[in-house]
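Okay, here we've got a single chain as structure tokens, the form predicted alone, with questions on binding and movement later.
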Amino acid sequence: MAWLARSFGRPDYAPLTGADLEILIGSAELISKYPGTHLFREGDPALAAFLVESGDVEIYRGTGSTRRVVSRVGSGSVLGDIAMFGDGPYISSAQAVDRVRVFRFDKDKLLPELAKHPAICLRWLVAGLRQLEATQRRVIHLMHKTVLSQVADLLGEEADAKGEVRLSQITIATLLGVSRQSVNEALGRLRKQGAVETGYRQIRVTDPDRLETIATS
């Protein structure tokens, strides 16, 4: 309940009472997923929405050689709710990257509570809009940038506290809509400029300030 109160949507905009949190908890099931397992798959009926408590989840479309990663999300992210509210199938698949804990909200339990409790409904709406806004902001931010600037910008966003970026070159290429070769060349230039270090399946930001300068150039 404490995690929900501070991490779901905007606590400052739509505070939830203890009773509201009890209702949310009562509508959810806390489940764990191991790396490589799915929360849901593209084309399946959207019967539930998911709120990530911990871990990273990869969102992708297609299968096999046509698989394309759309994004990677973490704690506080809401998944599958748009398809659920639209009463259609999931339009993408969600797969655990590492050990993931999520709240699963079954449609039949959640929708009646949202209809009865405006504060909870508003909090859910705000959570979804924040994610849409972040996606839109990234698209606008990357418009008219060179591949080098786009890669630098993405690495700066995705680096953790240690500077490590847990994205493969293929994933970076897919997220930016460019070729893997272009990403490889950009990483080589960033490495020469001392902004990053690269190894086998490893990218680490070594100079965040230089990386930011390249991203904004």
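Just so we're clear, the structure is a prediction, and the values are computed from it rather than from any experiment. We call the rigid core whatever largest set of C-alpha positions still superposes within 1.5 Å between the two forms. Position 1 is the first residue in the sequence shown; the rest follow in order.
Missing here is the form predicted in complex with the DNA; even so, the following discussion is about that form.
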query	finding
Candidate stretches 53-61, 40-48, 27-35, 145-153 - the one whose heavy atoms come within 4.5 Å of the DNA in the predicted complex	145-153
Proximity of residue 198 to the DNA in the predicted complex, heavy atoms at 4.5 Å	yes
Close approach of residue 182 to the DNA in the predicted complex, 4.5 Å, heavy atom	yes
Contact flag, residue 169 vs the DNA in the predicted complex, heavy atom cut 4.5 Å	yes
Stretch 92-112: residues contacting the DNA in the predicted complex, 4.5 Å heavy atom cut-off	none
Core-superposed comparison between this form and the one not shown, residue 166 Cα displacement 2 Å or beyond	yes
